[in-house]
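Before any questions on binding or motion, here is one chain by itself as structure tokens, the form predicted on its own.
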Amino acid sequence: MNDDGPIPEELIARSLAGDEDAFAALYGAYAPGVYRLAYGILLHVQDAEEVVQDVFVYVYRSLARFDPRRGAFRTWLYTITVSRCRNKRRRKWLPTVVLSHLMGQGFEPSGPHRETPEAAVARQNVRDALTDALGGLSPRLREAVALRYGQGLTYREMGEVLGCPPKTAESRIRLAHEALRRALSAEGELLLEELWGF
């Protein structure tokens, strides 16, 4: 196991040799990350699911083109995903998002205690405010947020996926932070205070 997933070189070689189980293992290892990235960019469940299918059909047909000397498999996969998302986005505008899907983590309380109805309402209000703020970002800033926070990529890795210098990727995250801070300023702070009060 390496930081790029479960030994992709071996799975790639077996997939290229026609081993369908190896390709299924590649799909199983990488599809959740591709979905989180697609959802973070497109902000729509069904379209993100379609992108995942499009990406893996392309990967199945083009796996021989992957060159590990040019970058990690995950980077190649995410570059394809961003491209497919851009194509999908050109065809329609998608205005909704659920932050927990974008970030790939639940935004639910942990532990055995039950949440009070007031806390549940406050949590939903925070989620709605974040949804609106993320939906208001430009597509390029949403891509950057999805890669940075949904996938945990470094600025260098983001630059490789987005086809821009790392400093540009970093700048997009800074701009996204500023836009989110403006969008959430007073309302978001009040909502968070309300949530943490329960």
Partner chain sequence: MGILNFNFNFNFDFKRGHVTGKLAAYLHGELTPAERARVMAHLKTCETCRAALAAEEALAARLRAQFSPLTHPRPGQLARLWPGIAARIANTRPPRRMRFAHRSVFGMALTASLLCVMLLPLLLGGRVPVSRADGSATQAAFTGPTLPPGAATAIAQLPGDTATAPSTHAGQDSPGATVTPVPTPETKG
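Positions refer to the first chain, counted from 1. Treat the numbers as computed from the prediction; the structure is a model and nothing was measured.
The same protein also has a form predicted together with the partner chain, omitted here; what follows describes it.
When the partner chain is considered in the predicted bound form, residue 168 lies well away from it, no heavy atom lying within 4.5 Å. Not displayed here, the partner chain is approached by residue 32 to within 4.5 Å at the level of heavy atoms in the predicted bound form. Not displayed here, the partner chain is approached by residue 178 to within 4.5 Å at the level of heavy atoms in the predicted bound form. Interface membership of residue 126, defined by any non-hydrogen atom within 4.5 Å of the partner chain in the predicted bound form, is confirmed. Taking a 4.5 Å heavy atom cutoff to the partner chain in the predicted bound form, the contacting residues in 144-177 are 145, 146, 148, 149, 150, 154, 155, 167, 170, 173, 174, 177.
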